[in-house]
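What follows is one chain in structure tokens, specifically the form predicted on its own.
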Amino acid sequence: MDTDVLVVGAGPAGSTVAGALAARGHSVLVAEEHPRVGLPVQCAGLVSQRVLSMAGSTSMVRTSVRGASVFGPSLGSVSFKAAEPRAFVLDRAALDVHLADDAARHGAEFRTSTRFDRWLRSEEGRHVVRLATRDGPPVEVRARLVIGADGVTSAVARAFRLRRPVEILPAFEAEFPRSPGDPETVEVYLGRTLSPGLFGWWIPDGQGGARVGVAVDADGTPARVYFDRLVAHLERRFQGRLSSPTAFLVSGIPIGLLPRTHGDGVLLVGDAAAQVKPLSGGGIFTGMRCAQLAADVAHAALQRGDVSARALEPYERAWRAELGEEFRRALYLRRVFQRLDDPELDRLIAALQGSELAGTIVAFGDIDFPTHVARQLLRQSPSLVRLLPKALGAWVAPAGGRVPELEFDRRK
């Protein structure tokens, strides 16, 4: 079969780019390897208002959160709470379904239980690829453009020899139907014992339960081991056992910048392109935003009849101009944090406990662009500079590039 665009993967990035191109009159085929769009759930689903604006709906929101508490290894913490919602907890499967339904309404065709198998050849300006189906024979597809939105283990990236990120963090999460804690506050847990490499989290689900998980360095110890330690840690903190989990999520988080996310007749978006926030591992906003940029460039290239690497290069420039500086700063700060041992993390938490610094976090905190508040805190607090002297040069300098404003932003 022939199509203008083959999109591999029906997550938020894949369905966003598919819908945008179908709405502009291009034939779009979306191949999703799982039997149902949105399942299995792929992440914790904590997002900013930007994601809801791009999705054009709030129907998938379970609850909003106004604050966060960050705990050091010894359970010292720094907390803040804003007057208005600062993030939203989603029914992640519902988000995927909503975006896929929207793309289908614009004309995109979805095929589930269908995965990208291999690139076969190029002919007459099209890539010929083979799709494997669960219950039938393989299908050959001829596409002018192939877009890989197939996650951290992207088969499209491998087939088109677009190098993968150097670091993939194992993650393990469970949903607990009942859990104590503030239903308007997210909790973050730091420390080498609990979550070396990133952090552990407790996220209220809006229904009296919580999502608890860890993302850690791939050091040979299963993420489940660190998850069990975090659960035991939470039970000591809450002074009682958590309920039995109702669901588990096992995933990998790509951390790093790919040298290229485009080639002749091919683009990568979302986790396949490692377009993930290095300090949090979140990728819904970044993936959807990059998918919008990919659709703009792809539409222009398809209209001109030129989908060469040179014609698609503006996509690379566009997403790096908008997000690249934030990613680079976040990767640097991540390396600084990775060198801190547990006593140093405890001292960092203690240094952040002043009321003025908590106010700074409320005023400048942004889950999509966390380095903004990091720079502000370093400017404001000499004690932080003494704890993190090597971070000073990277963070005190003004940021480059344009950052979208939050709708509820009240900064002066």
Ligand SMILES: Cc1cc2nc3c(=O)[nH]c(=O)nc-3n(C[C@H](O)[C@H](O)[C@H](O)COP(=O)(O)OP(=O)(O)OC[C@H]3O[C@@H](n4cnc5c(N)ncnc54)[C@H](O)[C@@H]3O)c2cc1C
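Just count from 1 along the sequence shown to find any residue number. These figures come from a predicted structure and were not determined experimentally.
Only in words, not in the display: the form predicted in complex with the ligand, which the text now covers.
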property: Region of this chain that lies against the ligand in the model of the complex, out of 136-144, 224-232, 114-122, 308-316 [heavy atom, 4.5 Å]; result: 114-122
property: Residue 102, heavy atom within 4.5 angstroms of the ligand in the model of the complex; result: no
property: In the model of the complex, residue 10 touching the ligand (heavy atom, 4.5 Å); result: yes
property: Close approach of residue 269 to the ligand in the model of the complex, 4.5 Å, heavy atom; result: yes
property: Distance check, residue 34 to the ligand in the model of the complex, heavy atom within 4.5 Å; result: yes
property: Listed residue that, although the ligand is not shown, lies within 4.5 Å of it in the model of the complex (heavy atoms), from 197, 282, 209, 265; result: 282
property: Candidate from 333, 162, 171, 323 lying within 4.5 Å of the ligand in the model of the complex - any heavy atom; result: 171
property: Contacts with the ligand in the model of the complex - residues in 43-77 whose heavy atoms fall within 4.5 Å; result: 43, 44, 45, 46, 47
